[in-house]
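This document starts with one chain, in the form predicted alone, laid out as structure tokens.
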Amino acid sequence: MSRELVSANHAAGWAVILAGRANRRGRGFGSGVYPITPQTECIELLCAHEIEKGQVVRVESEHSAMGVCIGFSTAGLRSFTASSSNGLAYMTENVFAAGYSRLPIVMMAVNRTVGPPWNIWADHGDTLALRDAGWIQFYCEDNQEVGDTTLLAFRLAEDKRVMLPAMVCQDAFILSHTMTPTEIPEQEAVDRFLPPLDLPHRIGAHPRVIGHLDMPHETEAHRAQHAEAMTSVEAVYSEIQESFESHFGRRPPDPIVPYRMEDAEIVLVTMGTTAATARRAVDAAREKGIRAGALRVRLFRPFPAAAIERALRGRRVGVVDRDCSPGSGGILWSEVCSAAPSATLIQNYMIGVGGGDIRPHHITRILDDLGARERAGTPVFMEIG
């Protein structure tokens, strides 16, 4: 294992290269790629390295990139792509096709504001818009987590109890272009961790029907099977955490990550890099005698509702969203409200929408507002100034 100074884009890229080479004993690796800021560095790295028994296809659009991945994966190859923002929007038809086809494709998504007006900075709305597409969704906090999650996402997606595509999400520029020391595993260790992909419904020696017409009761059965597979994800992920730690010496974070929650009366719920800022604000609040805590949601699909309900029971909760669903509020907030009815109150704060810097004093303002409330109100847009 080597320790390298890399961006989160490159951390993901190296994980994909290693995972692709690890399937050389299987049917190999295939990827469809198209550039879009801020994920382009990832696929540039992928294109610059030869993968034994692998092929990277440079296509004319994001829709085609996912289409190529669907073709590779249907043939039983390990497959990957990356995108962001309006690229994800253009890819959406095939994102749903990959999910409903139960193809274990992994995609690295750099969270960027959807335009117009055009904006290249961080906003979770692009991937959260795909929350119903049948993909597992992880939201990462740092570069090491991006690399590790990309690697383990292949094993999780390809597990026969799951067989679902997986999306590894990271905040634009805050992670994608920021370089930090990151451990890159050796190929031999990845080979031991990632077994060759054996896709049970691949095309090949046995006749298969792909993309046929379902009658209503058949679609109902397929959706029920899909939902059942999603319910298995958390248990399978727990097993993979143990395996990952034994192979690489690091344990990937749990689906939710608590901070100073033991006696917390007020709690901030976050995703992505906002979690680190929230921890600093919690520490500052503790110094003032305020019993504050924080909870990071790492796994958004399937949503870890039972764990969130246990963590938030009887507490005043502020959900910090880096997104906005017009007419509703923050998307994370709506999910937390459904999952945690036993919380004392749950207030929504939308901040950093469109990529503004979220700093500790902004989170402190949220804590002050939350602490002064007697009841929850409508979602609040917090100005950054």
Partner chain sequence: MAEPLLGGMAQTAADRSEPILRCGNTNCGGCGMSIVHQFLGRAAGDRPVQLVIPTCCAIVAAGPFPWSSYGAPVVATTFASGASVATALAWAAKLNGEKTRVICFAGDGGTFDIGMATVSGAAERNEDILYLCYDNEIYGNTGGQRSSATPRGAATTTTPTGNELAKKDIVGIMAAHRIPYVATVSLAHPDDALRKMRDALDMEGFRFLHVLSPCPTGWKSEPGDGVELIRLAVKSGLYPIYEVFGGRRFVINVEPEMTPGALENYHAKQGRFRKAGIDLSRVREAIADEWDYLRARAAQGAARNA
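Positions refer to the first chain, counted from 1. Quick caveat, the model's predicted, so the values are computed rather than measured.
As for the form predicted in complex with its partner chain, it is not shown, yet the points below apply to it.
Contact with its partner chain in the predicted bound form, defined as a heavy atom within 4.5 Å, holds for exactly one of 235, 227, 215, 305, namely 215. With the partner omitted here, the residue from 208, 313, 160, 288 that has a non-hydrogen atom within 4.5 angstroms of its partner chain in the predicted bound form is 208. When its partner chain is considered in the predicted bound form, residue 345 lies well away from it, no heavy atom lying within 4.5 Å. Residue contact check for residue 300: none of its heavy atoms lie within 4.5 Å of its partner chain in the predicted bound form. None of the heavy atoms of residue 132 is located within 4.5 Å of its partner chain in the predicted bound form. Using a 4.5 angstroms threshold between heavy atoms, residue 67 counts as touching its partner chain in the predicted bound form. Of the candidate stretches 112-120, 135-143, 276-284, 91-99, only 91-99 contains residues with a heavy atom within 4.5 Å of its partner chain in the predicted bound form.
Contact with its partner chain in the predicted bound form, defined as a heavy atom within 4.5 Å, is made by none of 349, 359 and 382. Within 4.5 angstroms of its partner chain in the predicted bound form, the stretch 61-85 places a non-hydrogen atom from each of 63, 64, 67, 68, 70, 71, 72, 74, 75, 77, taken in sequence order.
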